[in-house]
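Okay, here we've got a single chain as structure tokens, the form predicted on its own, with questions on binding and movement later.
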């Protein structure tokens, strides 16, 4: 394939940065960047459960997602002005929530709710995968604060969770697509995995002609390698937050 727009090899992630403690009042927060994509993730703890969990000891983890009006090249209307979140927003919120719950023993969390807000400050592809990866950092920091206060056991967070995109561009499988690549991709994937090398979600779509099993396997393996690197970036960020 021709050189990627930013000069990366097919298997390379964009530059990743994670700045923890970005919001003073949140129980856990970070600003995560995948190249030019930047997402602010903040975890908030509430000492109450959703209604359907009342009279149980189980907790809950949920997520909300939004894109700021000028996170894209032209202004996007705030969804609050339309009265309700759009279908894409609801889909992404559910994906983030499912992904983060895969890292938590909800019974150990106890009768409380952690809400992880993911606000896209700048979008250049991969906002949902950046939200999952950064959302885990915010969630983990909030859980550590609860554990220090002896409100939950340290083992409430059971594993890491991270996500990355992959796709076929100009006939070649590539990792972590920027917007220009995503908009031209023949196949577009989002993959979420846990630290136990288990899949939470694999979302894959052929934008043109259908793809074969070999392409599927190649994309999944690209994503697995990228997620392994993201796990190490998460661990580095959490270690830095403790110093």
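Residue numbers count along the first chain shown, from 1. Because the structure is a prediction, the values reported are computed rather than measured.
In what follows, reference is made to the form predicted together with a further copy of the same chain, a form of this protein that is not presented.
Participant: Based on heavy atom distances of 4.5 Å or less, which listed stretch (147-155, 129-137, 93-101, 164-172) is in contact with a further copy of the same chain in the model of the complex?
Facilitator: Within 4.5 Å of the partner lies stretch 93-101.
Participant: Using the partner position in the model of the complex, report whether residue 27 sits within 4.5 Å of a further copy of the same chain, counting heavy atoms only.
Facilitator: Yes, residue 27 lies within 4.5 Å of a further copy of the same chain in the model of the complex.
Participant: Please determine whether residue 109 contacts a further copy of the same chain in the model of the complex, using a 4.5 Å cut-off between heavy atoms.
Facilitator: No, no contact at 4.5 Å.
Participant: Give a yes or no for residue 47: in the model of the complex, does one of its heavy atoms lie within 4.5 Å of a heavy atom belonging to a further copy of the same chain?
Facilitator: So residue 47 does not count as contacting a further copy of the same chain.
Participant: Any of the heavy atoms of residue 185 lying within 4.5 Å of a further copy of the same chain in the model of the complex?
Facilitator: Close contact is absent here: in the model of the complex, residue 185 is far from a further copy of the same chain, nothing within 4.5 Å, heavy atoms only.
Participant: Within 4.5 Å of a further copy of the same chain in the model of the complex, counting any non-hydrogen atom, which residues from 188-204 show up?
Facilitator: Read in sequence order, the residues that approach a further copy of the same chain (within 4.5 Å, in the model of the complex) are 194, 198, 199, 200, 201, 202, 203, 204.
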